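First comes one chain, alone, set out as structure tokens in the form predicted alone.
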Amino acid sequence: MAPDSITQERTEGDTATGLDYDSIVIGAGISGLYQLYRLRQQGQRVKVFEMGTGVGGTWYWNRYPGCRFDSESYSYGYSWSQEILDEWDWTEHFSPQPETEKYLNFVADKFDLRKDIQFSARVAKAYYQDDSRSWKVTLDDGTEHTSRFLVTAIGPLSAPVFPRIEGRDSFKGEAYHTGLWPKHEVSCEGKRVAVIGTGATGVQAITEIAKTAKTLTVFQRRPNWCKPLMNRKISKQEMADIRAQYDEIFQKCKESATCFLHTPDLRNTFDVSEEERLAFWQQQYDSPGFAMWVGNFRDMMTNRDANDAVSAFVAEKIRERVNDPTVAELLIPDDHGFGTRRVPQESGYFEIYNQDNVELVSILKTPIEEITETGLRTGDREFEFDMIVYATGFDAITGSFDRIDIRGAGGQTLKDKWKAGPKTFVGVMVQNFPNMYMLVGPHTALGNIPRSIEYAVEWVSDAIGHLTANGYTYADATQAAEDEWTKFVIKGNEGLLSADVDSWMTGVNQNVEGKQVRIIARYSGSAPVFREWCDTEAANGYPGITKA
């Protein structure tokens, strides 16, 4: 049924429709768990389908060596429950994966969320049913489930990709993707290990694997700018002090442009003397977390000369830390400036290249031609390995949507609608996909993702609550609202140096067919501006949504 043919008739509710649920949520990660809690609090019949065997999303799948937060732990966790804040103690400023997975299991158990989650349930299809204004969700096993509303909580980095290299399945040794790491223990002790990829996950994994591997060979396509994480333990007293400051911590995250505990310096790079500038950068380099990325001079991401200056500073740090000058130069990016891609946080990453058991191979100079039964072959050399680790990342932002056959009104596929780039209404709805809501999908504020997740969940919950309270069974973004928001997102990227760089943030992935062209995949403005837009929409009764 087309939106313009729908009248403003109210219904008595869904009890007589025969639908299995009021809402179906796809994914039981940070966003899916909170969305389940909020909708259940509203009295909804909710079902969550989760592909894994446990909760956690990102922190369930990514259990590779060295995996941990790059946001401060106490800024990353949930803020919506005083019980959680009172009872949970973080043990490190940047939590390791096992602790984070434990935390999310603690939340699931505390609020008895598992009873509404079906595990080992991969959603293969989600089709909108025009006649009943509902969604039919089909799992991999062929079972079908229906609901009035559909909420995707599938994450921006949850579709792992392998490199497109001949013979990958022929290798007889151990092979793992960092985003699909097995639950059983994996030991690198005394083994000849290859790691392909030097992005954020690669940097973490490489640093840890180098501690025990007999030999470690790192295959790097393009280096990334990295900064010391500066992690440390949290004592019981410090945790008590943090707990007393939670209101202040979350308020600071709410007010910052990227939802981190760091805000840009209001000065421009060349407003200060060179001596002051270098001292400021040194202080940031030595500060924990993303201080140097999102707390730098205000023009770092828009002024090329300013960006060149900070890039030169960080390049010199790499040269100071790596003994071999040739290796140091290989580790310094020459295709993008500092901060124009997400900046990996490291704990001794550059120093591992000073170890006798570690070798760096540039696959820009000598590409990998084939994976063999015993290792791999480049243009000039054969390598033998016991283990290959693929740290080759994800089909980001839109990739997790592409892996589900999602069809809206009239059978239109989401993949087809987005073939030239995403179009959304406030990053939450897509015109012609009624009653479907996205959590941290394209065109939403990302940054410190759990902070953005909480706002998205609350906005979606309020919108669904508004619909059900008023007896509406249909909600679709108007074409005008979608066009306006999409244009706003595109305009917000103008002038940003990051918009001119190939990265997952601009939708480019050399390992994914058809994703070699830059798109506007994410909202790059400030989180407060994003929330103001969304709050205004809600306060005015959702004028950008057709309701019936």
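Since the structure is predicted, the reported quantities are computational estimates derived from the model, not experimental observations. So that there is no doubt, residue numbering starts at 1 and follows the sequence shown.
The following text describes the form predicted together with a small molecule, which does not appear among the structures shown.
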| query | finding |
| --- | --- |
| The small molecule in the predicted complex reached by all of 197, 201 and 511, non-hydrogen atom within 4.5 Å | yes |
| is_contact(residue 222, the small molecule) in the predicted complex, heavy atom dist at most 4.5 Å | yes |
| Contact test in the predicted complex: residue 393 vs the small molecule, heavy atoms, 4.5 Å | yes |
| Partner contact for residue 342 in the predicted complex: the small molecule, 4.5 angstroms, heavy atom | yes |
| Residue 288 within 4.5 Å of the small molecule in the predicted complex, heavy atoms | no |
| Contact residue in the predicted complex, chosen from 328, 360, 261, 363 - any heavy atom within 4.5 Å of the small molecule | 363 |
| Sole residue of 150, 440, 157, 406 within 4.5 Å of the small molecule in the predicted complex, by heavy atom | 157 |
| Interface stretch in the predicted complex with the small molecule - options 101 to 109, 419 to 427, 186 to 194, 334 to 342, non-hydrogen atom within 4.5 Å | 334 to 342 |
